[in-house]
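Presented as structure tokens, the chain that follows is alone, the form predicted alone.
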Amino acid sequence: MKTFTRVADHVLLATLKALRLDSRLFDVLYRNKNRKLFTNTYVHQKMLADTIRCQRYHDALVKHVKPDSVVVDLGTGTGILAIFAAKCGAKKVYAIDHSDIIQHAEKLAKREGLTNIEFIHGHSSRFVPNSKVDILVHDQIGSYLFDEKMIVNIVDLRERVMRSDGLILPGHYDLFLEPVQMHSDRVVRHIWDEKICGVDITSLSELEVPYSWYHRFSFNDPGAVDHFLCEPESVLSFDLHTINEESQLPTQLSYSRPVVKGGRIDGFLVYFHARFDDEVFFTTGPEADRAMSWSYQLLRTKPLQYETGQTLNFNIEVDRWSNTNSWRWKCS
């Protein structure tokens, strides 16, 4: 079985997601894929180089960690958040990760002279502390917000190991799905609309698979977006302190909004705000001070022209938000 999953994890996982299956096999394959991904040095460099991300986490921990706080850092990676918490004076920090990167986190903490961190190499579902914890800090956040199984992992720890008045950092989220026009030099045209050096390749429309990864693009730089067509407004908000399972989220969202700046719609931008409290937060949207380690995602549509004052209608249906392959969107 180990040989099989080593060769074909990504193929099976993609197949299961496409078929919208929710099974133990899906969970096993996801964990294996996730564990390998977060052993990758490049992934951690992106997070550590994100000064907005690191600063906001540091600000929140400085604000909320007390001398008697017991803290859990879920998915500690290189250990940076656990080290922040330890240096803020936490009585005890549990740093959990199921990838091998945790070995380097432990070395880093040792170099910092920290003795109040206990490193746990394994999956959080098997973690049982000696006493209830006060603060759960995490970065179980995908670029599509839900695609790192955040809700199931956080709720499991919240219910098993946290005090009833414990704090999750960050705990509150606002999801945005916004119609945008991309800058002319960043637009990725559909290949079946193209003529390249006089060659008409519109027959390639036969290759289109609806809602496939072809219809999604990732961007990191704020300059990729020319403008929003409508005034941005969150379509979904939730709090990890109160939500119990992903199925509590609506599986269909719709809105009708006036176009405040006319233009060509190239798709709908997926981004979010992550809030630690009423003052400390970060955004993954196309702003200059965005958290750069998360990409914002474009759900592509056929390019349509809208005039200021027209009404734009949007609908999205999902089986599970954490299975982004199940997302189905349209506008009119």
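Model, not experiment: these values are computed from the prediction. Start at 1 with the first residue shown and count on from there.
Just so it is clear, the following notes concern the form predicted in complex with a small molecule, a form of the same protein that is not shown.
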{"item": "Stretch in contact, per heavy atom within 4.5 angstroms of the small molecule in the model of the complex, of 201-209, 138-146, 181-189, 248-256", "value": "138-146"}
{"item": "Any non-hydrogen atom of residue 52 within 4.5 angstroms of the small molecule in the model of the complex", "value": "no"}
{"item": "4.5 angstroms heavy atom contact with the small molecule in the model of the complex for residue 81", "value": "yes"}
{"item": "The small molecule contact at residue 123 in the model of the complex, heavy atom, 4.5 Å", "value": "yes"}
{"item": "Residue 216 within 4.5 Å of the small molecule in the model of the complex, heavy atoms", "value": "no"}
{"item": "One residue of 230, 101, 240, 88 in contact with the small molecule, assessed in the model of the complex (non-hydrogen atom, 4.5 angstroms)", "value": "101"}
